[in-house]
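Before any questions on how it binds or moves, here is one chain, the form predicted alone, in structure tokens.
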Amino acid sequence: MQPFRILIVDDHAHAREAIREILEEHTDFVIVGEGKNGEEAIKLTEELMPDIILMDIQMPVMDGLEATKRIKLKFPYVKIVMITVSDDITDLFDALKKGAQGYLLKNIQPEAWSEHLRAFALDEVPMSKEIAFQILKEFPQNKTKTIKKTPLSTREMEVLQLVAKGFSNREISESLFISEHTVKSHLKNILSKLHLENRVQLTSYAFQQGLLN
């Protein structure tokens, strides 16, 4: 498998250097560029077409939230992971609504970075309970509304509901007594049928449609 192409965007040079040092130890990642603000992130994405962008939230000129929104509108297939020193759920939820795949706290152990990034690249990161709660508050379920006929099979509905509850692929496989490979296949089909991109959007869909008990 080809290494994942990474673009680092952070206004602090020492932060970019630290991230580079962590990732250069792993052959499944290659850093293709670095930027200092949101405007550079957009320009470098167009030039370099990375697989994943590691995006700081607070930056001059254009912050990471606005850059994320603009990049995802133009390049929806590029995965964006917010990197931040704060676990402020409001900022992180705002980033997810703008299309980010998730977030990494800068103070997590260096050895955990590669594992987390690999999971983001493969769309295997479970929804945190805190984010799911934020989505629940934003999309209160209306028990009286008419739910559109779903294109999903019964099994796909079961997978969707577990994703929305924050289950990982492994937890879904154990709960439904199926392999992780089968879970991944179901997720791919669900995303395709619903024309969605990631677990955040799947969770929002489940709440909007009143599919959770």
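Take the two forms, superpose them, and find the largest set of C-alpha atoms that agree within 1.5 Å; that set is the rigid core. Since the model is a prediction, treat every value here as computed from it, not as a measurement. Start at 1 and count along the sequence shown; that's the residue number.
Omitted from view is the form predicted together with another copy of the chain, to which the following refers.
Using a 4.5 angstroms threshold between heavy atoms, A164 counts as touching another copy of the chain in the predicted complex.
Another copy of the chain is not drawn, but in the predicted complex it has no heavy atom within 4.5 Å of N189. Another copy of the chain in the predicted complex is approached by E174, whose closest heavy atom lies within 4.5 angstroms of it. In the predicted complex, K69 approaches another copy of the chain with a heavy atom inside 4.5 Å. Contact with another copy of the chain, judged by heavy atoms within 4.5 Å in the predicted complex, is confined among 181 to 189, 24 to 32, 52 to 60, 164 to 172 to 164 to 172. Proximity to another copy of the chain in the predicted complex holds for all of V200, T203 and F207, with the criterion being a heavy atom within 4.5 Å.
Residues of 30 to 53 are not found to place any heavy atom within 4.5 Å of another copy of the chain in the predicted complex. Relative to the superposed core, V163 undergoes a Cα shift of 2 Å or more between this form and the one not shown. The Cα position of L176 differs by 2 Å or more between this form and the one not shown after fitting on the rigid core. When the rigid core is held fixed, the Cα atom of H14 travels less than 2 angstroms between this form and the one not shown. The pair A67 and H195 approaches in the predicted complex: their C-alpha atoms are at least 3 Å nearer to each other than in the form depicted.
Compared with the form shown, the T68-H195 C-alpha separation decreases in the predicted complex, the change being 3 Å or greater.
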